[in-house]
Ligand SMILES: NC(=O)c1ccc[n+]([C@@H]2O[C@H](COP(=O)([O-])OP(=O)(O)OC[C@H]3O[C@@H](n4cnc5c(N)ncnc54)[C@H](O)[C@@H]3O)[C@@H](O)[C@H]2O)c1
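One chain is shown next in structure tokens, namely the form predicted alone.
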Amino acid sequence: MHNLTGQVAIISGGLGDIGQACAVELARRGADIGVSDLSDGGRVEPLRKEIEKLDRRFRFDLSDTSDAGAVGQWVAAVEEDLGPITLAVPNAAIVEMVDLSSMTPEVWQRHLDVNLSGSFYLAHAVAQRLVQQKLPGRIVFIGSWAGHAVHGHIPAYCVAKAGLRMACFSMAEHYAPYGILVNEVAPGIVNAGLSGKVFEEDPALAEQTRSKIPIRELMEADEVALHVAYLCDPRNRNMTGSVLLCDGGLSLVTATETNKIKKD
């Protein structure tokens, strides 16, 4: 299936587990890939080789997406190298387990800068270029079920993801007449990133967490990527301003039970 042939995808936080999974899945479907992250971490070359094995072009840049100017430069560099960007996946995010009693202005602001502003900067920069070039496109935010369910141990993250959802809705309404569809994939508990590391260190906690999810399964990064790819598909012509919730049924039960995904 190469339904994205001729398209260019840009992914922030592209060296994280979800970012890499999205890069590979979109490349598998025919897109050329531009990713960024704050550091190499030894993950660039393995990802490059995997993308190039699929006969797709690949570009990596160091970029801080919380800096609007840096995002603009990154978008311009990818476009100059790979061509017009038609697919954007704002994925870069941070999460720190700091409850409200321990919250500092610095921690709060950093979550908003990276998870909310950084995602908006990338999405908006790509959308503006698409309008200028009179091209249709797809923007898929990586949100979270935490955007609508209180998690007492990560309130700054929850607030940022809630704001991201409204950014998605606002952009979807504004850019719809230009053929730019804007949606959100909202995973539940993903066995990747910080959660993945915690679960790897504490298998008992992983099993406990799994037991609290109605379908009794943790989500994997490649499953998130499949949902992103669906929303990027040009055959998806009517879905915009939507939240593709894939939380295993967690939103059907209380979030309080899952607030134990931390080390006591």
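These numbers come from a predicted model, not from an experiment. In case it trips you up, residue 1 is the first one in the sequence shown, and so on.
Separately, the form predicted in complex with this ligand exists; it is not shown, and the next lines address it.
- The stretch among 155 to 163, 79 to 87, 170 to 178, 129 to 137 whose residues place heavy atoms within 4.5 Å of this ligand in the predicted bound form is 155 to 163.
- When this ligand is considered in the predicted bound form, residue 194 lines it closely, a heavy atom lying within 4.5 Å.
- Contact annotation for residue 116: none of its heavy atoms lies within 4.5 Å of this ligand in the predicted bound form.
- This ligand is not drawn, but in the predicted bound form it has no heavy atom within 4.5 Å of residue 98.
- When this ligand is considered in the predicted bound form, residue 18 lines it closely, a heavy atom lying within 4.5 Å.
- Proximity of 66, 94 and 189 to this ligand in the predicted bound form is complete: all three residues have a non-hydrogen atom within 4.5 angstroms.
- The partner is not shown here, but in the predicted bound form the stretch 122 to 158 reaches within 4.5 angstroms of this ligand through a heavy atom at 142, 143, 144, 157.
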